[in-house]
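A lone chain, given as structure tokens: the form predicted on its own.
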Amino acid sequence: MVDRLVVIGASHAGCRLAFAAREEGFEGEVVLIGAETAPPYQRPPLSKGYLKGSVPLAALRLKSDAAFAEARITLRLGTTVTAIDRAAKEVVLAGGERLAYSKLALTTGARVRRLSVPGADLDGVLHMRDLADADALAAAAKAGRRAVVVGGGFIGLEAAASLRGLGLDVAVIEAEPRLSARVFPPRLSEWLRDLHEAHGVTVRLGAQVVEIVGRDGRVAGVRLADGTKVSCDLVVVGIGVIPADDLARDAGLAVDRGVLVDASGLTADPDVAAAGDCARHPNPWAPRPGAPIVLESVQNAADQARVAAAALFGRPTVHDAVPWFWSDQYDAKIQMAGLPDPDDEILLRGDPASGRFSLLHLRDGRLAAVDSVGWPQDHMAARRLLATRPVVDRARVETHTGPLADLCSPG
């Protein structure tokens, strides 16, 4: 019988899981399969430093060739998996080759959500998800003068900041009444709008794109639902992603906008795990504790992959790390810890006008999440404090400028 771990998806989660298998003592074969031809790389810099040209391609690599060789991990890049045969315990590759496995991990990530409006297939309509996308956008930015970014979430705003830094005129079109409404409270959304407008970006809220207008097969502008046309020579679409769960669904595994896994990262098939942006898992930090969610972050990909590897090889643990995220826009570093809920009570600490402040999310009187801008000390403290769900001294939040921990007690 074959003794082989096959990891489908050379993503951050896939790379981490492959190496974690070795750390767990697995001595069989490890094969990491990726559809892209590039070795596993970091994605967050794509819309920031890499797009601006300040981060070179070599700096994006997650592991060197030597590290893969030392860990005896076989990389099969430029390779597409078309099916999983769980009965035979084989994956089917494009071209018909079948690769047997004893353990299987799905780290297929997510694919971009695309605009479904007339003109969405014109030249100059770009997305931002992988290295090829970033290269295409960088090339378009060199020749372009005016860009429209559709979507006011992290990717859209990071791309807007980078394009503005490259000298392009930029307009952000967001369908919601405020920026990043899915993850940020109103006060932070307003601060983000002010930040982008201060850098010369035009922000249009509550605006729906109904058509990409073209000329000679190429983008010339976008038309909004109110009839307004915004002229541009490139469009960046950043309207979210969809978990890549097709292989799992076709293999008979349970999916629900992501591959369903337990707290250790295993599917209902004990020989199959999933981790990263494709996995929907019960999370103790969700507003409804234990509710299955998908977390799109490097931290989650790494932590969940490590736990999933342990579960595959007989040492099940629970994925319960405090979630955290970050976004760099212009010179501002925005850091988040915990998972917010729209019903949270929000307390302001610091002064938004100074560019250094935190928003404390309280749920049932206890600290549930912290959004920090320009205050990394608060962010690091929050990642430690949230594990204890402390009570916050409301009366001192506005005036206390010392350590965040001073405002918290077990209660």
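Treat the numbers as computed from the prediction; the structure is a model and nothing was measured. Heads up: residue numbers just count along the shown sequence, starting at 1.
Omitted here: the form predicted together with a small molecule. The next part is about that form.
**Student:** Is the small molecule in the predicted complex close enough to Ser189, Ala337 and Asp371 that every residue in that trio has a heavy atom within 4.5 angstroms of it?
**Tutor:** No, the candidate spot makes no contact with the small molecule.
**Student:** Pick from Lys48, Arg383, Arg356, Lys63: which residue has any heavy atom within 4.5 angstroms of the small molecule in the predicted complex?
**Tutor:** Here the answer is residue option Lys48.
**Student:** Could you work out which of Thr79, Ser180, Gln329, Ser264 is the residue within 4.5 angstroms of the small molecule in the predicted complex, going by heavy atoms?
**Tutor:** Checked against the cut-off, the match is Thr79.
**Student:** Tell me, please, which stretch of 124-132, 172-180, 223-231, 280-288 lies within 4.5 angstroms of the small molecule in the predicted complex when heavy atoms are compared?
**Tutor:** Flagged stretch: 124-132.
**Student:** Given that the small molecule is not shown alongside this chain, does Ala110 nevertheless sit within 4.5 Å of it in the predicted complex, heavy atom to heavy atom?
**Tutor:** It does: once the small molecule is placed as it appears in the predicted complex, Ala110 has a heavy atom within 4.5 Å of it.
**Student:** Glu296 near the small molecule in the predicted complex, any heavy atom under 4.5 Å?
**Tutor:** Yes, contact at 4.5 Å.
**Student:** Tell me, yes or no, whether Glu36 is in contact with the small molecule in the predicted complex, where a contact means a heavy atom of each within 4.5 Å.
**Tutor:** Judged by the heavy-atom cut-off of 4.5 Å, Glu36 is in contact with the small molecule in the predicted complex.
**Student:** Using a 4.5 angstroms cut-off on non-hydrogen atoms, would Ala275 count as touching the small molecule in the predicted complex?
**Tutor:** Output for Ala275 is yes: heavy atoms within 4.5 Å of the small molecule.
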